[in-house]
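In structure tokens, the next block holds one chain alone, the form predicted alone.
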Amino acid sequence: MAEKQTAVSGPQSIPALLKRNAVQFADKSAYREKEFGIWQSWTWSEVAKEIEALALGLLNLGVNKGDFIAIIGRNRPYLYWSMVAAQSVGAIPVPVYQDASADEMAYVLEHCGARFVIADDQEQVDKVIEVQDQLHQFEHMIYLDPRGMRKYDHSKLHQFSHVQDQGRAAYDEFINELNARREPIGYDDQCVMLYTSGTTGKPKGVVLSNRNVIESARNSSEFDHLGAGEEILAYLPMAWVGDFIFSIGQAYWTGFCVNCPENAETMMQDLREIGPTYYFAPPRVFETQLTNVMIRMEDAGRLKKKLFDRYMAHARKVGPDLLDGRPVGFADRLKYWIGDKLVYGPLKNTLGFTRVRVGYTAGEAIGPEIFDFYRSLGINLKQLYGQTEATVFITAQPDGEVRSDTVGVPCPDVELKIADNGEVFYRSPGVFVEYYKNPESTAGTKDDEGWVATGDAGFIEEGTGHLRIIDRAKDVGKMADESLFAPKYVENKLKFFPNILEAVVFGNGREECTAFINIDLTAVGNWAERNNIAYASYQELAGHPEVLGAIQDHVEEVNASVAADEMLSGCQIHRFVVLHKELDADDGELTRTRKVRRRIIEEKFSDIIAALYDGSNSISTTTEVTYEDGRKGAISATLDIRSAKTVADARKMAAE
């Protein structure tokens, strides 16, 4: 059976959906942005005019059909409009991570052959100028924020508002050309190109069609009953497929409003002000929010802390059942109602989740303890499993079938199968067109019948049809005794503790598991202040004996939890080290979406891994780091290596 290529009725491109919304939702808010502390708003009819003016301006600059236009910056309405304006003139938008280094940007811009760049501000403009000698097809750059740009050479540098003004002035000259390019755009024409995170090598350009985006947006919106009344906060990287499908795909399909925060520092305040009804965040965001809650509780008075602990214990007991409509006794309901007035309600308001009707987490596995915490508050948080190559959606959890140990059932029109080696394959209308300029990888990922290899190992539960993901297929292995090794399972349990920001577990083919751990500087720093412990750096605090003791307690608690899982009990951590630096995307240790690049970490810190396994009590090491201004440096440290008790150790001691 080949990929479905069904005929469709209705709008067949994002620009066509915009045209529909400008009529159907003419006076309804489409975008908001907070600027200088004030929310600015644009209706769908106003957005259509802004996008048309920019599209005309792009024609005036000489954009051709099939050109690639790179878009770099934080979440701003103007940059979302840039994507649709590019599509309207027959070009392909290529969002780029705003925190990417100049060299990372150079790779993407040269790989796609971008002739045009639309950048947010001076910082992004400078990065492109720094590498422009490597960009053989680059011609013009458009910038949004004019601050600091006055003395630049403007022969090929243009202010966003001026491009729009020139487009409006040239309306009569270019409107027929715009219509001739915009109207024929079809379902199988390219919509966007998004680059993968590159956990194992150079990022690949994933080409998505209008069919991919619109069908995925339609199916997912119907699955969760999303409508024009939803409010979302667009704060995740615009280069990530999740943000594109939520802030462009679903927004244009349903007509709901996309809200852009003022900046990263005000995001939580802006979240509370908007009170989204539909919310998405990767596990890292939920982990950080939980850490902040726990820090505040540690600083709270005894009565408030006692109330929090008491009612949260009750919430964990009955909250998920109440959320899913399962029977709960009157006394428990009453106690939960009181807890909602005293604890859960104020906490949800502080987090900005009071109005959330549907919440999702995806990107990587979330720790079950973290997931259950939010659901116990009455927040309808669900898990979603997807990929850039799937236009996000592979599986999702239906209301009433939400569990922390699965990622749900196949999304509408998605088929699943499990290969003999346990790898998950899928087929759907969202399956990507190709990897740009990479036919070998395309053929290696997608077969002639449209089945795509996810690279993840998992299985489908009998009876429920839910998919359970064990780990990345390449990361799942076996210990020396043939027991299963699945590092992500253990890492997520470790990251439940507010003190732990990141963890990387090793053990494939070995007798024992070991781990690298990053402390959470915010949480541990707060503890240090409360206990009058002075420290001058992350490295000093990470090596403090009391911090190491607290981390050891966490590791041993996780070992007890892991031991209870018969299939994964061999993954208990025997020895660990708290690293002297945070794992960082700038140093190549994480992707721009904060995923661990295991192979690079194994190579970079091979001396520390060797010490974990040779019985050493400490290791002196020097590590290269990248500073914020791009300069390279090195930090040296002597790290303590700690042994942690496992359940087997405890049983042995009890027997003796």
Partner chain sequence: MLDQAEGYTTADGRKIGGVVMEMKNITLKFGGVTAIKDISFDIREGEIRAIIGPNGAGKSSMLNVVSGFYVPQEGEVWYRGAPRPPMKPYEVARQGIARTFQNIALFEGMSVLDNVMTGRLTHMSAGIGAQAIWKGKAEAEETANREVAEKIIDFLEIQSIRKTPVARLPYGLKKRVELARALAAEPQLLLLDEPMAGMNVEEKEDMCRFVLDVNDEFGTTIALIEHDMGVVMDLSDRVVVMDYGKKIGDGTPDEVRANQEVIDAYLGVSHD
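Every value quoted in this text rests on a predicted model; they were computed, and no experiment measured them. Positions refer to the first chain, counted from 1.
Although not depicted, the form predicted together with its partner chain is the subject of the following passage.
Contact annotation: its partner chain lies within 4.5 Å of heavy atoms from the stretch 263-271 in the predicted complex, the single such stretch among 263-271, 550-558, 237-245, 403-411. A heavy atom within 4.5 Å of its partner chain in the predicted complex is found for exactly one of K151, K341, R530, R326: K151. Though its partner chain is absent from this view, in the predicted complex it lies within 4.5 Å of a heavy atom of just one residue from R302, K417, H136, R147, which is R147. At the 4.5 Å threshold, heavy atoms of F36 reach its partner chain in the predicted complex.
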